[in-house]
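Listed next as structure tokens is one chain, alone, in the form predicted on its own.
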């Protein structure tokens, strides 16, 4: 089977992690060799950068610094994990990728689009996702879900940025979807888990 690169995007508490595991199981049952990974993260070095980004004071980094840190981690992730997996014909499912930087640091944080464009062109290059699922959810609902998890208290830096930030974030993801409707597909994350899984499979099956 040919390689496939699918990314999962969306705001806090939108259910990406749950759905990525469900999709991996279904693709595995269909005979695909599946790799689940995440950003920031995916390598020991990138996981160390993740800790710097998702914990601590909300104002510890400027948006430009955050974008650079994300792309430092992404370079390692691409070179050591994603590109080798794709070259081996694997299906890569990634929880967040380049669109999260554009949404979090660009639309919500205020980084200049040209700055993010340059980073994306240089680091991502041609290794763009074949399909991106954008999980859309009212940020008030998403933040409540995220805060109820309890097991990621140390990774709540972005959750503490305030509702206005997360509203801009949602608008950013929706604009990314509108600008690239061939690659990006809308998923209504307000539905129950089973229906979301059905919608995800419907989109992925069409890509397969």
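Computed from a prediction, not measured in an experiment: that's the story for all the values here. Numbering follows the first chain given and starts at 1.
The form predicted together with a small molecule exists for this protein as well; it is not shown, and the discussion that follows is about that form.
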Interface segment, criterion being heavy atoms within 4.5 Å of the small molecule in the model of the complex, picked from 85-93, 107-115, 128-136, 68-76: 68-76
Though the small molecule is not shown, can you say which of 54, 174, 141, 36 has a heavy atom within 4.5 Å of it in the model of the complex? 54
Of the residues 32, 50, 168, 183, which one places a heavy atom within 4.5 Å of the small molecule in the model of the complex? 50
Wondering, does residue 158 line up within 4.5 Å of the small molecule in the model of the complex on heavy atoms? yes
